[in-house]
Structures are given as structure tokens and as C-alpha cells.
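So here's one chain in two forms, each on its own in C-alpha cells, numbered structure 1 and structure 2.
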Structure 1
Amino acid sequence: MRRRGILFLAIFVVLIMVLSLNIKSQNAVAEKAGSDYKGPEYCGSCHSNEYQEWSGTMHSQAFSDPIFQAVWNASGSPPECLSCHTTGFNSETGEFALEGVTCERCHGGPGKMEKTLSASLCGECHIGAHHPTFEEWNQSKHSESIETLIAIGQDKNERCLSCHSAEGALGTMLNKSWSIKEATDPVTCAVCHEPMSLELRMESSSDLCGQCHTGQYSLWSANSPHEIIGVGCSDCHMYTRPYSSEDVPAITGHTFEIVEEGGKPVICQNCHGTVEGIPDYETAVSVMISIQTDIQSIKEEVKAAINSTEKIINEVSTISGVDTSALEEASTLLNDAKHTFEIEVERAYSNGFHNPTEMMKLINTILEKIGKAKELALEAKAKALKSQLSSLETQLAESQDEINNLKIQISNLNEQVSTLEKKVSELQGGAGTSQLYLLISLFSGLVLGALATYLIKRKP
């Protein structure tokens, strides 16, 4: 009897399980009843790789996730949560078509297959105190990347758009063709995240950031203290905090700014003061501020050196007979130094903190180029002026010869005048007045002729 009772109980449990599964299946069908949604399995029949990637993501488990279910039930199962945790949610009836965030939720609706790189799509759900990713992205420079190019008139520059647009960045990163006409979206979610798996497009977040932030990446990766111990871009630039309340919302790190409290970076506390062998938090912050202050001062000196050298080159270019090839070389060196300074120093916004040692090497290289450009310009100036001086000395020598010749002529004229004076004196003793006037006229003509000769031969 006991065995028979156990058998009946087992059969009863199995029947209950089968019945519950059947009811659940009927409910699922009922949820889809009257709906045009096909479901992820339908899409997966062709897009098998994409389906497999999606199946392991939080999107696929957005409704079934135990944590969501626990929080949702504890909150009284508010229906508004289902607009993001299900597909095909009807706010009027509170019903939905499919559990989780499925293919059709992101691709435009039932049976559609729309594609977009816009962050607004992700922003439909990743928003608010629990997931303020979209709001944070809107505050970041990533969201303004196209506007930045428009402001400086470079929105048609393919080189700039390769990082400042979603299409260009993805095309460059994935080695796919793209056109300037297509580059209309700023740096959006899909640039960094695989849409299906939701994973980063590169295993290392620092390598991913370095695709565009080349200056900062090259400094960090050149044996910087942080790189050596494995602290990368996201460790400092993506400070996160879980949701506590509407007054203390979550932080997802998508502004990419260093979060500060009281003028000091909060993120440094994660290591400094807790990890053995690393200076305490206060010491680390003090050293950081000191380094940044010193390098900022040096940057101002570099700017002054660039401006003064540019002024010298412009002034020298106006000198007659200057060596233009030397000036072209000086200009090339200066422009190269200026470009490196603007791209790799000015835009390394940490003021060298990514790698102070490497930053100073870079600045010294820039100063060497500026110094060489200045030296070439001044040498060209000296040669041009020396050439002009030599020409003046030649002119002076020629003028001196003319002066000597004129002195001889004047000496001869003086002798002639002396002779004439004697004759005049003799004539005054008994000659007629007409002869006196004739001699005076002759004398005046000789003097005027000499002066005319001098003026004609005299060079300006």
C-alpha cells in the first residue's frame, strides 16, 4: 500500500508539472495572441550567430532575471517597468508580447529590420535614476563630437570624421568602407559596444579608447605607473555607483569625466590608501596636483616659444634676398612641433598625469624642434643681412673712389681758379670790363660743370 501511495503521488506530481507547463505555454501563446511579433527564435532561424550572442545577454533575461523579479515584486510589480523589460508592452492593458528585450524591440517593431546607430534607441530604456547611461552620455564630449567639428569647420574632413562620427569610427575600427555623407551620428553606444552581445568591441577597454584618443593612449601605454599595474582608462574615467534612491541615483561612468568630491578625484580612493605599496590618497592627490601645475606652467612656456618663433620667421621672410629654402625648413619644423603640441600635449587633458615622464620627453622633443626652427630663421636673417652689408660696403668703396676722383677734379679746378684769379687781377689793372665779365662767366661755368658731374655720378 505504501509503495502504491508513493506511486500515485509521483504520478500526481508529474501531472501537475505537465499541466503547469501546458498552462504556461497557453499563457505565452495568449500573450502573443493578436500580436504581430515573430519572436527571437523566428529571427534566429536565419540569424543564428546573432541569436546565440543575444541569448546570453541581459537583454534576453531582462524579464526573467531573478534580481529584477525580486526587486519588481518587492516594489509592487509596477507595470511601467515592463516597457523596458519586455517587448511589445501595452501601457493601456499592462500586457506584453514577449519577455525580455528581443530583436524586434530594437529593430523597429513587429517583423521589421531597421538599423540605427543613434544613441536615442538605447536611451529609451537606459535612462533615469536606475540606469542614467543616456543622460550621462548626453553630457559627454562623445555626444558633441559632430558639433565640435561643425564649430571649427571640419565636418567634411574625412580624417576628423574617422573618430568624431559613429560611422567613421566603426568603419575605421572594423576596416569597413564608409562615406562622409553617411557620417551623421556622433560617437554613440554602438561604437564601443557590440549591439548583440553588448560586450565591448575590444577585450581591453584601454585599447578601445586608444583607437581615437591616441595621444592619451600613447602616454599611458609607454610604461606609465598606472599601465604597469594594470589600471586602464575605464578604471579612472568610468566611476560607477549603484542605485540607492531617487536622491542618490546610480552612476554608470558614461560622462567619462573624473568624478570629484571637494575638488579631489573620488576614484583614487579605490587603490590609494588600500593597496600595499601605493601612496595614500592624500599623498597621491597632492603629487598629482603638483605635477599638473608644473606641466601647465611648462605648456605656457612652450606656447610662448611657438608664438615668438613664428613671429621671427614672419619677420625674416620680409628681408630682401633671404634664403627661402632655410625658411621653409624652419616653418616645417615649427608646424610639426605646433601640431604635436596641440594634438598630443594640449589635448592630453590630464596635464601630463597619464605619464609625467613621457610627457616631459615629448615636450623636450617639441622644444628642440622649436629651437632648431628659430636657429634656422636667425641664421637665414644673419646671412641675408651680411649679404646686404657686403653690398653696401662695395657701394661705399665705389662711392669712395668717386669722391677721390672728385677731390682730384676739385683740386684741378682750384688750380684753374687760382690761375684765373691772377689773370683777373691783371685785367683789373688795365683790361676792359667786358673781359672781366667773360672770365667770371668762364669761371662760373667750370664750377657748375664740376658740380653737375658730381651729382650725375653720385649714386643714391
Structure 2
Amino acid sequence: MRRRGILFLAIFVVLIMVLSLNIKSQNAVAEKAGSDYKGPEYCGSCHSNEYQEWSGTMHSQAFSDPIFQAVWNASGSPPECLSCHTTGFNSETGEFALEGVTCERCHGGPGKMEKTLSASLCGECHIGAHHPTFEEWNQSKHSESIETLIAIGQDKNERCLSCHSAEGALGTMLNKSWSIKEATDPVTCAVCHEPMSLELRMESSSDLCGQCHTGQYSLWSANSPHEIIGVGCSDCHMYTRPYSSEDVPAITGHTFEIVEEGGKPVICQNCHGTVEGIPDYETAVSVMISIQTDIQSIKEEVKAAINSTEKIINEVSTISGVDTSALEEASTLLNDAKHTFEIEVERAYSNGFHNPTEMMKLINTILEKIGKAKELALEAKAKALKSQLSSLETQLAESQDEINNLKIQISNLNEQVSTLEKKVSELQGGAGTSQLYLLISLFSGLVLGALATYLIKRKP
């Protein structure tokens, strides 16, 4: 009996040992699958800064994160969750190599040291109705910043690429060398987010946007009503909403557009109507709309002024003898004004809302330049016409002299004519006597003839 009891106990103990071993080995299999993964500590042995930065982040804790564990367990620990919350996940076996999003998940796989700035790396996980960050980014203009340059044949222009490409932007921001050849990624995730520490590349999101959006940044930062109280770009341009259902997915703010509902920006409600002592939502929006309508109509006036001044300059340039250096100065001023208008006013799509006061100042300097250009062109026109007038006057005086000369010539001629006439009439007088002579000689001829005939007849 005792022996049997001991045997049963032994079998029980062995069974437990085997079972527990089996459980342990299952765990071991789960963690070792793809055991060629070396783990973040290994990479960190050489890249200690990157390791330090990464260690405290949500990526390093993507599996151990208590919130993840709670939600995951509550939903029955489905293995498909692990494809994004672990490294080296095998969807066929449901096993994974390392907890969390580790170095090797992003750097090309086990032991690899590849580097990419592509958004699709982050988009492997930051995607789907719960966090459609990649889809939103893909819809945003940021994803098209290289295509835009290709479309106008500027994709090899270093200056353009310093904002329009990930490589150029990072090179500029971090003061690192970069090459145009590699500058093929648009404004991707890693431009704004440091991928190891997950911090923004700049302390404030406004300074980050301002790296490239220099026009909007300079308007906003020149004591705009919102900048004064610390409301920055992402407070208005990154409307977020949590996930409700597959049909009403989360919004992460990565289109960076002003999200509207019923034609009104929704995000203003985060403060207006919520915070005491500032305009309520309706007022805030209607003030914004009236600022935008006013500035829109002023913009139309500026455009008209630019067009009419351009016309005047073109017209004046056809006047012969016009002062070309004055016209050149006018053209330079006008082009200057036009350029500022196109870049800083037309492109400041908020229609002045970012900073109405500063926008009006800017428009005024533009109008002053246009005015000066017009003045110069008209002055040049007046000068040219005046000099034409005085040359006409000399021509006129010269013509008068000629007329006078002609008159003298004519009166001379007249004199000559009357002398001639006199001579003619004298000549006419001469003809009368000769006829008389003729008559006389005829008569005397006849008399002589008659006398001769008489004498001949009388002879015999």
C-alpha cells in the first residue's frame, strides 16, 4: 500500500515536472522562434545612444505595456495582435521572437543594419481603423512632395529638395551631409518623429512645421492672437478623434488639414466654447470667416492692381525714346511685389486668419511697391511724351520756316510772272505795228505793181 502510494506520488511528481517542463519549453519556443534575432541589447552594445533612447519608449514596451496586456487578455489573447506588438511574429505558428518593436523589426530583420526613411515601414503597423496614421499621411500633401517636384522638373534641385524630401529635410535639420541622389522619399514619418526616441524632431510642433512652412510660421509667430497664448500649428491642424467602429474609424490628425463639419472647422471647439473668457464657438468661426472674406476681396484688388500696372509698363515700353532704365526699375518693383504676393499672400491659404494684422501689413507693402512701379512707369511715359512734343514743336517751327520760304519763293515767282506778262503784252503791242508795216508794204507793193503794169502797157 505504502509502495503504491509512493509510486503514485512519484508519477504525480514526474507528471507535474513534465507538464511544467512542457509549458516552459512552449514558452521557450515562443520566444526563440527565429532565434537568429540578436535582440536590442546586442545592437545596443555598439549603438548605446540609440538603445538608451529606444528603451523607454512605447515601442520597447509594445508587448509589456499594461494597457496592451489588459486589452489583449480581455479579448482572449488573439495571436494576430502580436504582428505589430512584437518582433519576429510568425502568423502560421502564432509565435514571436522578441517582445515589443525592437531594432531588428525596423532595421531589416535578424542581425541586419539596413536603414530606410520610407513611410511604409511605419505604415506596416500604424494603419487600420484604430490608428489610420499611414492612410491619412498618404492622403496628405506631405506624401506627394516629391511627385510635385517631378511634375515641374525640379526633382534634382537641391534647394527644393531641402524641404520637399525626407533626406534633404533631415540633412538640413540635423546639419548632416546628404546627397540629391538619395533624396527620393517625400516628407515621411521619420522627418517629424525621431524613430528611436519617438520624440518630435523639434521641441515644439510649431517650430517643426516652421522648418518648411516658413511663410505661415512667420505670420503666426509675429504676435498672432493664438501664438501669444501658445496655440500652435498642431492645435488647429491635427484634429483627432478616437476609434468608434470600423465604419467610424479613429482620426489621427495626419492629413494636417483643417477638418470641417457642416462647413465649419471642428477643432476650434476644443477651446472656443470650452475655455472661459474667450469668444464662443459661433463667434470665433464668424470672426474668422469675416476676416477671410475681407482679405479675399483685398487680394482681388491687389491682383487687379498688378495686372493694370503690368499693362501700363508694357504699353509705355512701346513708346519710342522712353527711359528704359526707369521702366526696368518699375518692372523690378512690380515683379518683387508680384512674387511676395504669390508666395506669401496667395499661398497663405488661411486667407489671413493666421495673423490678420500682419497680413494687412504685408499687403500694404505690396501695394506700396505696385504704386511706386506705376508711378515710375507713368513718369517715364510723361517724360517720353514731353520730349516727343518738343521735337514736334521744333518740327513745327521748321515747317513754318519752310512755309515762309515757300511764300517768298511764290511771291518771287509771282513777280517773275508779272514781268513776263508785261513783256508779253509789250510783245503784243509790237505785233500791231508789224501788221501795219505788212499792210503798208502790201499796199505799196500793189501800187508799185499797178504802176509797173501801167508803164508796160503804155510803152508800145
Ligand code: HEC
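By rigid core we mean the largest C-alpha set that fits within 1.5 Å across both forms. What you see is a predicted model, and the numbers here were worked out from it, not measured in a lab. Residue numbering: sequential along structure 1, first residue numbered 1.
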query: For this pair of chain forms, which number matches the form predicted together with heme C?
result: 2
message: After a rigid core superposition, would you say the CA of G153 moves by 2 angstroms or more between structures 1 and 2, or not?
response: yes
